[in-house]
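What follows is a single chain, given as C-alpha cells, in the form predicted alone.
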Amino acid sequence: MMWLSGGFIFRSGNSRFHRLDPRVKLLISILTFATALIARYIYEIGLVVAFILVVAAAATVLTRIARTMALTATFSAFIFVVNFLFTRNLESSSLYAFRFVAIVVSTSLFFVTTTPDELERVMKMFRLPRDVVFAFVTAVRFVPVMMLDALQIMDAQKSRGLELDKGNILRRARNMIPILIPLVVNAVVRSGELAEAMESRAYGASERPTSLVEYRAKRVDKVVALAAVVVFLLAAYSFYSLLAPIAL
C-alpha cells in the first residue's frame, strides 16, 4: 500500500523540473489534464500519457509515476466494466478508462515534484481563502503520516492474529474495522494537537500575513511555460482538425 500510494507524496529531487517555478509545474499539469479531457480517441490519450512519461523521466520520477499508474489500474478497470455494461461500446469504455489514468497521472506529476510549502504559496497567490489553503495543505502533509499509521496498526493487529488476506470480500471488510478505528482515533488526537499548536502560534491574528518567499519567474520558467502552452494548442488543434472531416 505504501509503495503504491507513494506516487502522490513529494520527495526531494535535484532535477531541472524540480527546480522550475511551481506555477509552471502547475500549468503543465493543468494543460495535460485539459488535453486528456479533450482527447476523443484512445491513441490521443496514449500520446498524452507518453508525454507525461517523458516529462517524468526528465524529472527522474518515472518509477513513482509508474506507481500511480499501478494504483489507478484497479479504478480504471472498474470504470471500464461499468461503462461497458451500460453502453456495450468497447471503444468508448476503453477511452473513459484510459482518460482516467491520464488525468490522475497528470495530477500526480505535480504533487511528486512540488513541496507542500510551494503548493501553499501558489494557492495563496491565487487569492484563495487562507483557511481553505491551510486545510488543503494540511491534508496533503498528513497523507504520508496517515499511511505510516495505517501500516503500523496493520502490523500490530497481524501480530495479534488478525487475518486480513483470508476470507471473502465481506469478511475482509469486517477485518478492516480493527484497522480503521485506531486510525480514526489517531487522526482525531492529532487534529486536536494541531489545533492547540495553531492557537499557541496565534493563527488568524493577522488578516494579511506576509510571506518570506516571493516567486519571480526566471527565463527558463517563461520558456517552459510558453512551450507547454504551444504544445497544448497544437494538440488541441490536431485533435479537432482530425475530427472536422468526420463531422462533415
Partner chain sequence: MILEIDGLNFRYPDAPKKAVDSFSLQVPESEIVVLAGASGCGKSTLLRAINGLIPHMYAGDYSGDVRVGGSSVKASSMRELAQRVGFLFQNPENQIFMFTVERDIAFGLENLGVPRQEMRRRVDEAIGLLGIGSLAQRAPYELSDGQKQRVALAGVLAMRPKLIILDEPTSLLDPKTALDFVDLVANLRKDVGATFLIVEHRLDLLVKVADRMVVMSSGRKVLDGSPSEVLMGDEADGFGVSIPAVSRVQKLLAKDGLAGVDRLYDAEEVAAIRQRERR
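Numbering follows the first chain given and starts at 1. Keep in mind it's a predicted model, so treat the numbers as computed, not measured.
Below: the form predicted together with its partner chain, not depicted.
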| property | result |
| --- | --- |
| Site test, D155, N168 and N175 vs its partner chain in the predicted complex, non-hydrogen atom cutoff 4.5 Å | no |
| is_contact(A197, its partner chain) in the predicted complex, heavy atom dist at most 4.5 Å | yes |
| Contact label in the predicted complex: V137 to its partner chain, heavy atom within 4.5 Å | yes |
| Its partner chain contact in the predicted complex: E163, any heavy atom under 4.5 Å | no |
| Contact test in the predicted complex: V145 vs its partner chain, heavy atoms, 4.5 Å | yes |
| Listed range touching its partner chain, judged in the predicted complex by heavy atoms within 4.5 Å, from 32-40, 62-70, 206-214, 175-183 | 206-214 |
